Structure formats: C-alpha cells, structure tokens
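As a starting point, one isolated chain is supplied in structure tokens, in the form predicted alone.
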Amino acid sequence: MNFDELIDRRGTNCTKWDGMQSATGVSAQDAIPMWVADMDFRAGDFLQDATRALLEKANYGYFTGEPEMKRAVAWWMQERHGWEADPAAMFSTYGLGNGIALCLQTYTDPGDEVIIFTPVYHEFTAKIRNAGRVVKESPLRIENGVYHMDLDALENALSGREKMVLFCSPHNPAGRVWSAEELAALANFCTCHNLLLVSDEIHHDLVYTGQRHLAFPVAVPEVTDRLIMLTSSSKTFNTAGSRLGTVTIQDPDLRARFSATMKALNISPNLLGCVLTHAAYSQEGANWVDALMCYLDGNRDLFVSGVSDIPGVKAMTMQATYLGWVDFTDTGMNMTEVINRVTTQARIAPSIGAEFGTGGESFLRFNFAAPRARVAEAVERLQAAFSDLQ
C-alpha cells in the first residue's frame, strides 16, 4: 500500500473535499481539508477485490451473508482486542450514528438526561438533542497534558434525571486511550447510579505503538448487564459511505428491547456494507491496518512537532486516532483571529473546537490522515500564518 500516493478526491462526491466549502466556509482552490474524520488514502486491495466480486455477480437484490459478516466481526474483536464478542448478540445498523440514535430511542425517554464527557465528538450532542433528550456535560480535566474524567464533580452535579452515559473510547477529539482503572471507575459509577453505558469504540483499531485499546467487556466484564457496545470497520478502513455499524448487547433483556426497536423501524443491513465489513475484518485487513498505523505514526510526529514549534500553540499528546487536538490559548489571540488565520491565511479547513462542547473553546481539530507531503504542506502553512508570534 502506497500511503504517499496523492489522490485527487475532488469531484467524486467526497464530503471531505466537495463538501468543504458548504460545511466550513473554506473555499480556496488550494485549500487543505482537515476537518471531517475521513482518510485521503486509496482503499485497500482487499476492499477493491470484494467490490469487484460483487459487481461481477450483477445481483443487487435481497441477499444472505449477514451471519458470515458477524462472524468476521467476532473474529476481529477476538484477534485484535481479546474480546469474545458473540455474533448472536450483534445488530447491524446504518452506521454508528444510527446506532447511537437507536440506543437513545430504545432506552431513554424525551426529557431524560444523557451524560457526555466534553469536549467530545460533536455528533453526540446532536444525536441527543435531535432525540429530544437533554445533554448533561461532564467536562474533562487536563492533567499532565492529557484528559481525565472527573467523576466526583459529575456525582455532585447529578440531577437524578440521568439515564445513560454516552462514552467515546478511544477519545475523539483528543486521541486518549483510557486505562483499565479509568474504565472500571466509570463502570462502577454507572452501576452505583443505575445508568446505562453506551460505549462508542469506532476508533478502536487506530492506536499507536505502546498503547493498547481496552474494549469495555475486556476491561470490566462485570458491567455487561448495562453495557451497549458500538463498533464499526468504517473508521479504520475509511468505508463510512457503506453505512454499516455493529451494536453488540450481551444482556438478554437489553438485547430484547433493542431488537424490538430494530423490528419496529424495519432496519436491516445493506449489501455493500456487509461485503466491505466482511472483507475488512480479515488477515489482509489486519496487515493493512498495521501498515497504516506505522504511516500515521510518522504523520503524527510531523504534525505534532510542527505545530508545537509555533509559539503559544500546543498539540495534546495523542495515543490514538489521526485527529490532532491543538490548543491556541497561549497565543494570546481570541479564537476568531485564530480561525481566520488558519482558514484564510493558511487555507486549511479544521474542525472548530467549540463544537465539541465545554472545554473545547480554545482548540481546533486537525485530521492528518493524508499523504505525508500534504501534512507537511499544512504544517508549513500554519507556521507561516503565525510567523509573527514570538
């Protein structure tokens, strides 16, 4: 796999490139999109081969194959994460955004509060509000350059209307890999306060050398009576357009309730999503991910060191993902000026930190999953845009 290959994705209905202007306001012809979590690498050969095989069959009608796909998911979770996931406990949803929405519909009522640890993936807030539920923010605190949950502060702020914790592991936007002790503390908190725990682990494969992602059922097996696991191959293999995620629910009662919602809404998987997920969760896919993470590690070093050379700018320590979380507090500028320099002078479209909730106001998120030459150019542009800082 040649991750250095520069691919022109403009004009392909790619949201990251063709939707950049409408989503971010950045319209320069030479702009670099570093906002949505989508990689600028060509799909792996194993995905292309699976798609060609589907095309050659010339049959896009009703299909079998979901059980085999679920077994591939189970194999991957056991092989890569040491989690013995049961295919019989899995549901296929239209991506994990849909999985979150279905959990909210199934297990909460309008007006219920849902806890999130901010700053966090902005779609958590959107999904909760779209469902008529109430966002309950629990701000993360920074210690030694990394985020930590503050469960004591959260406990003091409880209203009694909370029904669910929506958790991000590894953490987006900061790339935090949670420890076994932290996961156990959160599980205990949920047990003590009778809260359901929905763990979005879509970035589970994008972890750097020296770190280990712990799937919640592995870290805290005793929490499965209140745990809903959300996983997908889409972030790892850049197949979000296939719209397929997996919701795994070990507890029989919780699983029966979710099944009733799925049946009521007549939700079933799509053909391409099943084909691509099955192809991704293979030995070929594992080899590709290993190569990808070696490449992204180099991009991470380039990006973090480059932006940290700008006076007053600090990139948070990253343990996972390809999303750089950069703090501009010490530049002394307000964020309007910072954003203007990044978007207008550097001609880069980042994600705006304030959209990730309390604690994100001084940050921007940058996606560096791109050929290294493009990442290097982005770093040079950022350094030039802030070159007057001393």
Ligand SMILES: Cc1ncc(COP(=O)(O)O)c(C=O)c1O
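Note that residue numbering follows the sequence shown and begins at 1. These figures come from a predicted structure and were not determined experimentally.
Missing here is the form predicted in complex with the ligand; even so, the following discussion is about that form.
- Under a 4.5 angstroms non-hydrogen atom cutoff, the ligand in the model of the complex has Ala37 among its neighbouring residues.
- The shortest heavy atom separation between Cys168 and the ligand in the model of the complex is within 4.5 Å.
- Taking non-hydrogen atoms only, Tyr121 approaches the ligand to within 4.5 angstroms in the model of the complex.
- Although the partner is absent from this view, Lys163 stays clear of the ligand in the model of the complex, with no non-hydrogen atom inside 4.5 angstroms.
- Scanning His204, Lys235, Arg176, Arg300 against the ligand in the model of the complex with a 4.5 Å heavy atom cut-off leaves one residue, Lys235.
- Put simply, of Leu96, Leu186, Leu104, Met90 only one has a heavy atom within 4.5 Å of the ligand in the model of the complex, and it is Leu96.
- The three marked residues, Asn172, Asp200 and Arg243, each reach the ligand in the model of the complex, with a heavy atom inside 4.5 Å.
- Only one listed stretch (150-158, 278-286, 190-198, 227-235) carries heavy atoms within 4.5 Å of the ligand in the model of the complex, and that stretch is 227-235.
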